[in-house]
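The chain below stands alone, shown as structure tokens; this is the form predicted on its own.
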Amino acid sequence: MKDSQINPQEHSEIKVLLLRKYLEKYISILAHSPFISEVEVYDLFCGEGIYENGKTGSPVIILNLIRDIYLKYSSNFQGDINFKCVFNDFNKDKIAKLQKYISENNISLDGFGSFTCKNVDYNEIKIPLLDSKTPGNRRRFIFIDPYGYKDIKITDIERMLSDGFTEVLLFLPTQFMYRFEKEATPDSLQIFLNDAMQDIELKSSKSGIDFINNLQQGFSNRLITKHVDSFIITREGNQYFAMFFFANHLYGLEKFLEAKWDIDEEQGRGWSPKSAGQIDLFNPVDSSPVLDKFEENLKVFLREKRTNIEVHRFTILNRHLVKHTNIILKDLQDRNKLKVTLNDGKDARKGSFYIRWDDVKTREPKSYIQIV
């Protein structure tokens, strides 16, 4: 596990790729909002920022991303915004290397933000994040990529989310956790499992994938009012690791799904290695989404008249994107099997379903959709 913090293998590169893709969407949206004045980003096991093979780690990716977005779009921002980053690692040598790299490469957020590098234990730095109340004009993102799992508690995640304005991305070495679950379970893992999977039926996983799904279900059961999702990273030999995402709002989940589908264009589920020597992590080969099962479920859902808001929510909670639903709805409409009406009872313009976020965020229905 610790080797991935030194010299990233493919699965570690995928971790930071997913982080970058999501944060790019997250920061761009918040920076354009006239209601947000500050965005806080915490990387609580940040590492040294640059690996021996020259690849950049999460803190450098975060700083460069914020800087690039600000410089590219600042003229379009709706108001003043300040970015606050905190990078922490209990290993003082790694923090020293990170600070040296930042200094030598003149990475700065001067004029629109600041960053702090800390060298404290996770159990210390998490304390102010557990019960702090983030004001409505601020947003907070917390990335947790631990050296194991013994310090991670779902109760801590629950408290971090309690302010209503925080999102958390957590990496867990689920392959090792699953292996230990089947063998002699260490006390630290037993405590974690008892905390995360209180339903006894979830504690009997049949495979590494099943273990991840059970963990996600356990998290969802504990955080009943929150949105929880996972991204599975496959290594050779059917070894599975996972990123878990926690959000207060459906829109956050939608943006995370978009990041997932950017990487896995067929299923939006995760990543697995391709043929040796043919992989390009940052320029994946275009492929079409597999929509068969989702289409079947959507058609059943639309047997009753649904509002555009209900269709949007159904899409996201079924881990698909609005563009996927649009493909299916357009096909039904072309075959005269779909009726879309507006509030006044008139037929909507062909191809207009009003299921994008901008159409549903007011929570006032704009259209009604039903299979005929």
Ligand SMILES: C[S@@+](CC[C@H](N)C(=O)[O-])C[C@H]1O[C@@H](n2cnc3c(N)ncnc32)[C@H](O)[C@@H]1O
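All residue numbers are counted from 1 along the displayed sequence. It should be emphasised that the depicted structure is a prediction, and the values quoted were computed from it without experimental measurement.
From this point on, the text means the form predicted in complex with the ligand, which you will not see here.
- Although the partner is absent here, I66 is not a contact residue: none of its heavy atoms lies within 4.5 angstroms of the ligand in the predicted complex.
- Mapping the unseen interface onto this chain, Y122 counts among the residues with a heavy atom inside 4.5 Å of the ligand in the predicted complex.
- By the criterion of a heavy atom within 4.5 Å, Y51 is counted among the residues contacting the ligand in the predicted complex.
- Although the partner is absent here, T315 sits far enough away that none of its heavy atoms falls within 4.5 Å of the ligand in the predicted complex.
- The three marked residues, S58, F90 and D145, each reach the ligand in the predicted complex, with a heavy atom inside 4.5 Å.
- Heavy atoms within 4.5 Å of the ligand in the predicted complex map, among the stretches 189 to 197, 224 to 232, 127 to 135, 146 to 154, onto 146 to 154 alone.
- Residue-level contacts in the predicted complex: of V41, A31, L44, L329, one residue has a heavy atom within 4.5 Å of the ligand, and it is L44.
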